[in-house]
Ligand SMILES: CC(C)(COP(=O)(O)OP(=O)(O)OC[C@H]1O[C@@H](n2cnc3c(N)ncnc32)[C@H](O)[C@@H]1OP(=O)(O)O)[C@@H](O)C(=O)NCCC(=O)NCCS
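Below sits a lone chain in structure tokens, taken as the form predicted alone.
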Amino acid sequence: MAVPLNENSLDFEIIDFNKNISHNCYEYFKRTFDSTPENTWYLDDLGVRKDKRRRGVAKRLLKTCLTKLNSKNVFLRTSDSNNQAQLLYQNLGFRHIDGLYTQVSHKRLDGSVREDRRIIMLRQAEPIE
């Protein structure tokens, strides 16, 4: 799912590890990249079932999405330990914004809570191949 940069829909905090401060996601992108809802979109929750992985499904989904958003900046969050996803995103023109991350809590089926650090990746507007 991709959603336009919007102060009402993107209410998570981005943590700047280098400066030890946090920023509202919307305000950070608006200020740092001159982003507006018209030119910047957030890619949220791309997932492929385990039995369908390693077949190019995620790459095709991403390419379709990026083609539709061809003249837009697109950013996303992915687990800092998910090297396969990071490589896929890098191969499609995303770059890791050094020092920025978010913390995400997931409640698991067994009731336990898992903390996950997510890095921020950005693909600035340009045509894709």
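Keep in mind it's a predicted model, so treat the numbers as computed, not measured. Residue indices: 1-based, along the sequence shown.
FYI, the form predicted together with the named molecule isn't displayed, but the following is about it.
**OP:** Could you spot which one of R55, R31, R95, K68 gets a heavy atom to within 4.5 Å of the named molecule in the model of the complex?
**Re:** So the residue touching the named molecule in the model of the complex, by this definition, is R55.
Original post:
Are any of the heavy atoms in N39 no more than 4.5 Å from a heavy atom of the named molecule in the model of the complex?
Top reply: Contact with the named molecule, no.
Original post:
For L87, is any heavy atom within 4.5 Å of the named molecule in the model of the complex, or not?
Top reply: Looking in the model of the complex, residue contacts with the named molecule include L87, since a heavy atom lies within 4.5 Å.
Original post:
Would N73 count as a contact of the named molecule in the model of the complex, using a 4.5 angstroms cut-off between non-hydrogen atoms?
Top reply: No, N73 sits far enough from the named molecule in the model of the complex that none of its heavy atoms falls within 4.5 Å.
Original post:
Just to confirm, N82 within 4.5 Å of the named molecule in the model of the complex by heavy atoms?
Top reply: Yes.
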